[in-house]
Every structure is written in C-alpha cells, then in structure tokens.
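Okay, so here's just one chain, in structure tokens, the form predicted on its own.
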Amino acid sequence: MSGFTKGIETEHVGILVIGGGPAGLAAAVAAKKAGISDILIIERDRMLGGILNQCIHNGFGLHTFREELTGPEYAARFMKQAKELEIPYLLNTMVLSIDRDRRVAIMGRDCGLKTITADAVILAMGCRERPRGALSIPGTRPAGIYTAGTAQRLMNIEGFPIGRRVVILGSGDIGLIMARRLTLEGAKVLTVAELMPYSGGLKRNIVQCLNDYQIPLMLSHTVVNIHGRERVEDVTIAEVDEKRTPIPGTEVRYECDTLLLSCGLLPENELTRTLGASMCGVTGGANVDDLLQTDIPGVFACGNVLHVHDLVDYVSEEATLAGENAAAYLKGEVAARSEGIGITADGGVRYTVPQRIDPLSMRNEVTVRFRVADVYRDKTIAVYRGKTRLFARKTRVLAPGEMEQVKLDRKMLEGLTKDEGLRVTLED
C-alpha cells in the first residue's frame, strides 16, 4: 500500500525524497514544517522506517527524544509526524534513474513506470553491507553464510532461526548486536574475529554485547577458509600481521553451522553517481557543502548515503538540516550552488562532512563531522583557519568506530578566503 494521497497521476513535485528510512522521514518532516507542501517520499521496501524496523534493541533516541527507544519505536515517532503532516509516499517503488535536471524515473506496483520531475531532490537511500564477494574469502559456498543485517532481518522481521553455532567476522555494530541477539535466542557465538587491531563498533556495544556475555573478540584475526558442502561445517581463523596478511601457523578451525559477516557498510550511491555528482573517495558519498547540497544544484544528501553514521540520532539531525535547506532552496533563500571553501582532513582525520563551507551563506553554526584513521589517546582535535587555530578540544580516546564532530561559529569564518582554507587535524 502507498500513502500517495494526491494520486499517481501527479508528475511534478516540489521536493522528492528518495528513501523512507530515518533520514528520508526526518528530511521530509523538516521540509514540510519549513513551509513546503508539495513533497513525495519514494521507498522501495514494503514499509517506511528503513533499517530501524529490524533493530529491535534499545539505545535509540537519547539525543533526539531524550528517551531510550527501540529502532521501531524511534521510526514510529517520525512516521507519526509524517502522517500528521499528510506527507505522501510510495512504497514498493524503485527509483531507476535520475538526471541533472532532477528528472526521476520510478517503477512501482501502484504507479507503474513513470517519470517525476522535482524542483529539489533529497538523497536518503541509506547504505548496504559489504558482501562475501567483496572480501575474497576462499573456501566452498555452502548455506549458512549471511551478512549480519540479513540475519537480523530474518530473525527480527521474518521470524526465521539462522543457526546454533555461530562465528562472526567483523566487529561492526550490527555484528556486535547480533552476537547478543543470537545468544539470547539460545545460539552459541564462538567468537568475533576482526581484521583490524581495533573494533569497528561503538565501545558501548563491545561492552554490552560481547563482554557482558563472555563472547571473545579476536583483534587482528580473519577467516581464511570456509568448509562445508550443503551447510557450513567449520571455518578457519588465522592471525594477521601489520599488513593484514594471515600468519602461517596461527590457523585455528572452529566447528560451526553459521558465519555472519559484519565487515563494513557502503553508502547506496549508484543513483548519485548516475547523477554525475562528485564523490568523496573516503566516505563513498557525495561531496557536499555546509547546506548538505551536492555540486548538482537542488540535490541534497543526508544520512548513511552521505557517510556512515554510528548513531541514528545524528542521521535525523543531519536530515533535518537537509530538509530545511531544500525548503530554503525552493524559496530562493539559498544559492543554487556555491564553490565554498574546502575543508582539509589532516593528521589522522580521515574525512570531514561537509567537505566545503561558504562563509557568506552558512548558518550561524555548522557541525563538521569526521572519523579518525586509528585509535588515538590523549590527542587534541584542532581546527585551523590558515595558521590560526580556531578550535581545540582535548580528547582522551579517539577510535574509528566513533564519529566525532566540531561546531564552527559563523563569526569564526568571517572573511575566510580560499588561500587560508580550513583544516581539521589531531595534535599531541
């Protein structure tokens, strides 16, 4: 079913939101509250809410609602707002293509195959998991190998058991949460193997999902072979060196019937690339300015399609900004596109979002989010304008699994030139 209350004959909208997950919902709600009535959400799944529908654990909403909610409860808050605001949406509908003039080809059960034009587009397609084929794990191809998110959906939405003796490769947050979920369902999680010398998940998930259930985390280890014909029978795990190469003689076989892969998330940016927007090689998302506008006028991006977040609260915050700015774009209150001043990531900072700031059109405050390249202790996060340090904050521990942020005031950047530039770095 769909909530496209205006009828599928409509072929033009003010703002088209691609994706009905937490980012898309928050962006649409913000745009509607900002005064734009002509909005349409396109969602390929059979329900709104995105990945949150299968995240039945708590821990969501502490920043946004000052409450601890489950994923479905968090999504329901925004779905309720969208319903109250009478924002139309299409479910079971795929976006096939999009061009620079914001012509969007869609196909769905209710609308068939058609083209919609939009004055502004908000990209909120989320992300997907890295599959086995991208990991180059040798061995047979038996049943019992899942990405962690697929296993989560099968258990929490479809109601299927997936295995009794489980090995997890990768310590991303979904894998950590599934270690706990499987344990609570009576399965035995033998170990979590992580290729890197640090975990890719939040510290709280390591504590609550592994330590609390005595599940071992093996850093600098990976799966080097999978055995089994019809079903996984066992996997071989080996230690790796500093070049992430397996060390001969360290192999250990684990008898199991299931292997979960939690080896990173990839922003769903096929449409963004088709559009021709410039991309960030580190995040896998589009390059955006402080308005979250890509270098295609009128096209904005937010949430995990822009860069992978650790907290959905930050997704909603970012998407709200994208929705408000898309509304301002339609009202002629912001420039179609600005070159802006580039932000350089340096000294252990892998990337920043946004990648550029326009001091002339920016809001009074801009949040710059980033991740670091390794685990660092007792470092100072610093922001420089040319040789002048604008911001400094001492931090005890920085880890790749935890997203960091700094807030820049407009007054700090008055008169900023390209020759000066901005630089976010780590210092001793």
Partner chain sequence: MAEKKELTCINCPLGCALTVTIDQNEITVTGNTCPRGEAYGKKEVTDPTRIVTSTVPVDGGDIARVPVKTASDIPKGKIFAVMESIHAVRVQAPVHIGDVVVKDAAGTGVDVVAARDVSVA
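Just so you know, these numbers come straight off a predicted model, no measurement behind them. Residue numbers count along the first chain shown, from 1.
Not pictured, yet referred to below: the form predicted together with its partner chain.
In the model of the complex, Glu402 approaches its partner chain with a heavy atom inside 4.5 Å.
Mapping the unseen interface onto this chain, Ala392 falls outside it, with no heavy atom inside 4.5 Å of its partner chain in the model of the complex. Taking the partner from elsewhere, Glu68 is found to have a heavy atom lying within 4.5 Å of its partner chain in the model of the complex.
Heavy atoms of Leu360 never reach within 4.5 Å of its partner chain in the model of the complex, leaving it off the interface. Contact with its partner chain in the model of the complex, defined as a heavy atom within 4.5 Å, is made by all three of Glu73, Gly159 and Arg181. Interface residue among Ser220, Thr117, Thr344, Gln208, judged by heavy atoms within 4.5 Å of its partner chain in the model of the complex: Gln208. Of the listed positions (Arg100, Lys203, Arg244, Arg350), a single one reaches within 4.5 angstroms of its partner chain by any non-hydrogen atom in the model of the complex, namely Lys203.
Partner contacts here mean any heavy atom within 4.5 Å of its partner chain in the model of the complex, and among 236 to 244, 149 to 157, 316 to 324, 297 to 305 they occur only in 149 to 157. Residues of 98 to 112 that come within 4.5 Å of its partner chain in the model of the complex, judged by any heavy atom, do not exist; none qualify.
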